[in-house]
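Below, in structure tokens: the form predicted alone, a single chain.
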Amino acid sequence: MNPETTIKLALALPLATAATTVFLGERQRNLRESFTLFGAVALFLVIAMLAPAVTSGARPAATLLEMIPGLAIAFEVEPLGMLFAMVASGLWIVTTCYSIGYMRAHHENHQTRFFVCFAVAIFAAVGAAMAANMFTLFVFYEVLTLSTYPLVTHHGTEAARKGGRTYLGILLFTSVAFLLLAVVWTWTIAGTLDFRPGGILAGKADNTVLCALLGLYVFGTGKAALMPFHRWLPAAMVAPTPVSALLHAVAVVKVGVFTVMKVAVYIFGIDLLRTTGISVWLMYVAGATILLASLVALTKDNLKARLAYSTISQLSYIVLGAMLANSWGVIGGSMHIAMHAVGKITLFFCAGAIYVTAHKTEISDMRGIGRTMPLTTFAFLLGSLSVIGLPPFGGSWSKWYLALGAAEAYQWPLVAVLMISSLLNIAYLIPIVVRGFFFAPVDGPEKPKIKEAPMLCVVPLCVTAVGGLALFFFAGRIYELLTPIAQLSGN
């Protein structure tokens, strides 16, 4: 199969899965879910077929539609996009398994709609990952926003509709008011929107214009959840837990930080950002978001709300890596896309398993939960250690490279931010595990019975928990994949 066909097949598979899901509907749910799982596995294998070529330096490409001369819906797979596509498609497999167990155990309504929208969201994520230009990325960015809105409002309650309005309002406002303006402005300045090594804006405008344009891109990418445009993320926690996993690990927020990284590397160029210093102020916005979101997380008793603010903090690690504009920062930020995805999806899987089995959402009610759900609580511990960044978990590598990037840029306050943030990670995650294993159960001192979530919930969270450990030992391969991006900085 040639690379162009492979790219088009990767885009077609999620859409075909969505169409098949609609056709099978609620009456044939076993077959519907089997096809969904088959589509997820097939997508991962198809995307994996592109990995050897990308690793060897090739850039598989395909053009779908040319709108006007020089502006097309086009795709090109480079290392950063390859990493994101592999993460999104790989986690779609485990999220599908988890979703089947969760939706059945919780007797959720509208399950067909759920799986259809989920497949369309993965289509949008893969399209964004493979985008060859900013126009294509913007189109798929918006498709992702619209396809996930029904997932956020899945329950149909007033709280769900209110959360959905906040979700849609902030994401559409930032993308139309800021991101679209930045895209159009870039077209007028550079005459192209193609992603090119070294960027397309060098020598095209003065530093004041470039600084304003960078701000429009970063704040316009609302899915990156940089403060003050972060409220959509906690508001979306009214959705079912599998949707939260999609939002925080598989697609939505990762498209946001992926966009910021692509803009830094391929629109501005790392050399331009570093030599002009136009990204320094955004480093400190990211640093402030890291600390403030962590402090807010400490105050939240609702488990999903605490994890939501943790995600806001962790996303800004990636924004910081892009704005540091050096090799270590770009590699660390890019690696954190994968490392955080695996760690955070584990935590949300565990939160959902606790809710399905014990019907608990507040951390204060989870005393002794580790005695009734030991596998789930231990998996939560492993996911927490990965997010914290302690060896031997994958998050330790990405945070290490980010610290090196901050030191190389002589941004010592930001090195301190990274260190303090890790301590705050410990403060808001580890007490949940301690409360679960070492505190007496809320229901009384008698020995509780072990009762885990359904197998289709427990197996995925165990797989992703071990995945955070495995990433520590396979980080070298991710590093090698991302090395060409780091070389663009000339360091």
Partner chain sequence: MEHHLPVLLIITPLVAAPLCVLVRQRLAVFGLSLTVCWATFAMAIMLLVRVLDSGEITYQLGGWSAPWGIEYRIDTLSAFVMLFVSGIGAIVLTFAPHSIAREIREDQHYLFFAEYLLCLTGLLGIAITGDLFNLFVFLEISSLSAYALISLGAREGVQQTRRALIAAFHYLVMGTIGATFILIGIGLLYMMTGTLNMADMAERLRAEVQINRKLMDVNETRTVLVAFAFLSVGISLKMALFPLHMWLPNAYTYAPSVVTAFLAATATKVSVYVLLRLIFTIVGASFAFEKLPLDTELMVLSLIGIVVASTTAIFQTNIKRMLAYSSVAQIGYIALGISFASLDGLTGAIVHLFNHALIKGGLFLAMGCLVLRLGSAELDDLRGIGRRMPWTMFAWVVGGLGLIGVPVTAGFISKWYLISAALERGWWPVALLVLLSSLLALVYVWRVVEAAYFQDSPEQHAEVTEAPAAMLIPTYVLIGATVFFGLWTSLSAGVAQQAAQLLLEVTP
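Values in this document were obtained by computation on a predicted structure and should not be read as measured data. Numbering follows the first chain given and starts at 1.
Although it is not shown, the form predicted in complex with the partner chain is what the next lines describe.
With the partner omitted here, the residue from T289, T377, N326, T153 that has a non-hydrogen atom within 4.5 angstroms of the partner chain in the model of the complex is T153. Proximity to the partner chain in the model of the complex, taken as a non-hydrogen atom within 4.5 angstroms, holds for one residue of F229, F138, Y401, F195, which is F138.
Partner contacts here mean any heavy atom within 4.5 Å of the partner chain in the model of the complex, and among 462-470, 43-51, 429-437, 63-71 they occur only in 63-71. Using a 4.5 Å cutoff between non-hydrogen atoms, Y355 does not count as a contact of the partner chain in the model of the complex. When contacts are judged by a 4.5 Å heavy atom cut-off, V183 counts as touching the partner chain in the model of the complex.
When contacts are judged by a 4.5 Å heavy atom cut-off, L172 counts as touching the partner chain in the model of the complex. Within this chain, N207 is remote from the site of the partner chain in the model of the complex, having no heavy atom within 4.5 Å. In sequence order, F135, F138, V139, E142, V143, L146, Y149 are the residues of 134-149 having a heavy atom within 4.5 Å of the partner chain in the model of the complex; the partner itself is omitted from this view.
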